[in-house]
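Presented below, as structure tokens, is a lone chain in the form predicted alone.
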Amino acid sequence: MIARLALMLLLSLAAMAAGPARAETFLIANARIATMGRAGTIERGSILVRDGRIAAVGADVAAPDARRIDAGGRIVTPGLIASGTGLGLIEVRSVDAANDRATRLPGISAAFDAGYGLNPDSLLVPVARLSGITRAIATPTYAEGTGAERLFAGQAAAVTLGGQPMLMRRGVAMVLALGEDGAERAGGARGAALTSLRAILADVRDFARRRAAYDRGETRDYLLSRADLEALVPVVERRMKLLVSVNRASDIRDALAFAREERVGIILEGVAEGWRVAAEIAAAGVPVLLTPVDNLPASFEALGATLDNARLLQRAGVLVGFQGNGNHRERELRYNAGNAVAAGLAWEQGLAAVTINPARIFGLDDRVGSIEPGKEADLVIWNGDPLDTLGRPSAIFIRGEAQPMRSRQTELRDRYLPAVLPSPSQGAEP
């Protein structure tokens, strides 16, 4: 017994001595730095990282005590940010047990929090990270077959794709579908969805003022459960924005009017026809998230889809962030930005749409999104253009810690590719 206690004490002391891993001090030198901050692009500069944060950045940064990493003139950018993704919440789409993005539980819609149940060991995380993505906005979705009362999908969470904990911040937005999807969930009509939303927000405001009366059963019946009402209080108090999925120009106008009249903050997502009402979106000061390669009329609400969408919104003064092509294809996020640049967007604007812009949209720009002193050191050294398919990360840092440059896919490649390639002695077949 005494020996067992002694062993437990020894293990405890060892764990305490080890403590959390501390990021080293290092200097990335001889780099072309796309800071995405006030300094703009530094053609030949250095970045000093100390204790996981950026200590200094500029053309002349001296740090004799730091380990030196020579970038060889290559581009260094902030880590990319994926928005509207299931990273950390989904593994195999067709297997319900591996999908934690949606719930069918009655009475839980707005209260559903994507910050719970995150899996940092998901095999999708390294794949996304190898494309330069270091943070993500994990968003809930609607479960199939849910009732008309489930207007909200739940709360999005900001997550990190390296190190622990995976959760960065809860409740960065409340997810809501309008347009065709919202109409379907409200009984088949867009007007019913908007009417239901107004009634719900009136209930939330009444609940926020009369919590004690509610507990005593002295209020009217509300449309939502207490958990959902509590979850929506930050929305009516403007501490949390609604992430509204909408595409048709008229639906976008309705969403803008709803936000103005109800005095709530919104982020527009999808906006296939956003270019048609770009001036109105800009005047409202509402940011948008979109997939810039969407250019086909996949539905009646996206008849005006065009590759010019991002450029026209940007030109109107709208804050634009880009999304990837789905959980298993988040690595294509930067390709989407590259396509937007090919369609007329400036290169710096394309990079901003996957770095500082999503950080600003979700209120994370005090920590990530640009290379500036005081921010967490999410950095990517590229061997080419980060918005080109031929460019690849040669080194990735999250909070100042170097990330492994491998995934399950690369390990399978390295294991089986030699078996199908000719050996040097055999040469290639004629």
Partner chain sequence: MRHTVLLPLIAALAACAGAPPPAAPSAPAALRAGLDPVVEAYPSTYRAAPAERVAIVGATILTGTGAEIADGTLLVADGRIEAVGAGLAVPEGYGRIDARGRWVTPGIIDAHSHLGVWSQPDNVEAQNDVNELTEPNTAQVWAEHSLWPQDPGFDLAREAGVTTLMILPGSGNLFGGRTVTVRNVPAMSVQAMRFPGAPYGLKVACGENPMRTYGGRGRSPASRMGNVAGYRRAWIEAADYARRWDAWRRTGTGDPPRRDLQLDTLAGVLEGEILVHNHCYRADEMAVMLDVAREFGFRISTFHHASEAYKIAPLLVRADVCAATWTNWWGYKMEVFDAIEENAAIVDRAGGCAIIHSDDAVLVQRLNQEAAAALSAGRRAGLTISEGEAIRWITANPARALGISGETGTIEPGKRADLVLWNASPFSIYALADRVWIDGALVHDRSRPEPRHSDFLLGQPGQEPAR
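All values derive from a computational prediction rather than experimental measurement. Residue numbers count along the first chain shown, from 1.
One more form of this protein, predicted together with the partner chain, exists but is not displayed; see below.
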{"item": "The single option of 258, 347, 214, 222 touching the partner chain in the predicted bound form, heavy atom within 4.5 Å", "value": "347"}
{"item": "Heavy atom within 4.5 Å of the partner chain in the predicted bound form - residue from 243, 151, 341, 356", "value": "341"}
{"item": "Contact stretch among 170-178, 230-238, 290-298, 154-162 - heavy atom within 4.5 Å of the partner chain in the predicted bound form", "value": "290-298"}
{"item": "Triplet 95, 390 and 421 all within 4.5 Å of the partner chain in the predicted bound form via a heavy atom", "value": "yes"}
{"item": "Non-hydrogen atom contact residue 312 with the partner chain in the predicted bound form at 4.5 angstroms", "value": "yes"}
{"item": "4.5 angstroms heavy atom contact with the partner chain in the predicted bound form for residue 183", "value": "no"}
{"item": "The partner chain contact at residue 286 in the predicted bound form, heavy atom, 4.5 Å", "value": "no"}
{"item": "4.5 angstroms heavy atom contact with the partner chain in the predicted bound form for residue 303", "value": "yes"}
{"item": "In the predicted bound form, residues of 316-334 near the partner chain [heavy atom within 4.5 Å]", "value": "328, 329, 331, 332"}
